[in-house]
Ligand SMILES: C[S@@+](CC[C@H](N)C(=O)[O-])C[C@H]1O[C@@H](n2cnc3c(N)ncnc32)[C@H](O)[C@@H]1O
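Take a look at this one chain, the form predicted alone, written out in structure tokens.
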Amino acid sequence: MSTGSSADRPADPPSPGGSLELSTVRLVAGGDALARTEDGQVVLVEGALPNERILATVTEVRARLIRAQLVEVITPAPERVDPTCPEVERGCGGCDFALAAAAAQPELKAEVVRDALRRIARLDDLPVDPGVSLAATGYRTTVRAAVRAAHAGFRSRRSHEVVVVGGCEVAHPSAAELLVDGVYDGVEEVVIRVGARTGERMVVAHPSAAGVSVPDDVRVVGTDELRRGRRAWIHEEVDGHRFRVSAESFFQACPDGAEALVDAVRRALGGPAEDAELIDLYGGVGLFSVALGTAAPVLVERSASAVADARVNLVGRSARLFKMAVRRWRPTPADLVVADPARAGLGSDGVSAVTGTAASRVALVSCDPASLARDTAALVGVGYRPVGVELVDLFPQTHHIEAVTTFELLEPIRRAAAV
């Protein structure tokens, strides 16, 4: 009995190790390119760009998603280039976006944000500005590296394998020197932090700094010492202000990027007047509280290290600092709010804190397109109108995205909140 021709039988389902020839459609949050199999299954391809015809190897199969790794580009996108850093070819996973021309990266990232807003927030027409161009090399003043055999390197993408590097195109030269030439015996992970405009340098070694060998000008501290209460910091200058940044505090990747971020927030808030009532949620070491220039900002931050830095950085201001999680803070009325949450976004607690202020304008700083879209949908649901999104490309050559979204409180809701 005939079983029919092979053309009549359905194709075998993809399995790990199998090959797929695909046409990519767009980038998604996380930096992978989205494609579909002939029967409509979603495939996320690492190493591909939109509008390419590619050959990929399947790495993972889930119920509704296939993951794959680029093997060959059959028809390249116009934006595709050969990475200029030799460490990428050797397997370093730090610069996963170096396959796209630097000039094209901001618009590619803007399209990722537009896609997230369409799919998650159901917003099709919110303007997304790719923002100003920043230096694509030599910019990064904070570098987190793994250590193998006393030498620093970066992990391969989605792998624990450490690639010891002989250079780093995106690291600030002062940080790159410590990355390449430093000796980190007995260290598992190292954070290198430099002040691009002050020349100060610091190495934070985990679990101990006992085996660290770096130049004498570098302040060295182990995480074991930090746990015992030792304090260590450097300084950086941004927008004409000097900031203390401790070993355990977060700060932006480069001073010109921090200035671009401040400028975007300033535009979102309409150029705050000195007497404006400003709430700085997730305020860190006080970047926005200081640089926006209001006389009496309120800063909420749960990191003890960051709050200690903020107290130093805000000396001379009538600032109020609250060392607590945003969810524990009791909102007070304000004119303006800037919120810079972690990657997970505001969530319900952050949205409640924002709405509790009844602020007329809100600047939301997001570092993940999906959380940006979720937070936007939540703020729309409580009476805020999104005006637009401006990207600040703080991490060129990587898929990471920083965005500032402007919100205005709808007048009927504002009057109701004020009653």
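Numbering starts at 1 and follows the sequence shown. No experiment lies behind these values; they were computed from the predicted model shown.
Separately, the form predicted together with the ligand exists; it is not shown, and the next lines address it.
Q: Tell me, out of 179, 264, 326, 221, which residue has a non-hydrogen atom within 4.5 angstroms of the ligand in the predicted complex.
A: Selected residue: 326.
Q: Of the residues 303, 142, 137, 174, which one places a heavy atom within 4.5 Å of the ligand in the predicted complex?
A: Selected residue: 303.
Q: Quick one: is residue 97 in contact with the ligand in the predicted complex, heavy atoms, 4.5 Å cut-off?
A: Answer no; every heavy atom of residue 97 is more than 4.5 Å from the ligand in the predicted complex.
Q: Check whether residue 83 has any heavy atom within 4.5 Å of a heavy atom of the ligand in the predicted complex, and answer yes or no.
A: Contact with the ligand, no.
Q: Quick one: is residue 183 in contact with the ligand in the predicted complex, heavy atoms, 4.5 Å cut-off?
A: Answer no; every heavy atom of residue 183 is more than 4.5 Å from the ligand in the predicted complex.
Q: Could you confirm whether residue 252 comes within 4.5 Å of the ligand in the predicted complex, counting heavy atoms only?
A: Close contact exists here: in the predicted complex, residue 252 approaches the ligand to within 4.5 Å, heavy atoms only.
Q: Taking 4.5 angstroms as the heavy atom distance cut-off, pick the stretch from 111 to 119, 192 to 200, 83 to 91, 294 to 302 that is near the ligand in the predicted complex.
A: Looking at the other structure, the answer is 294 to 302.
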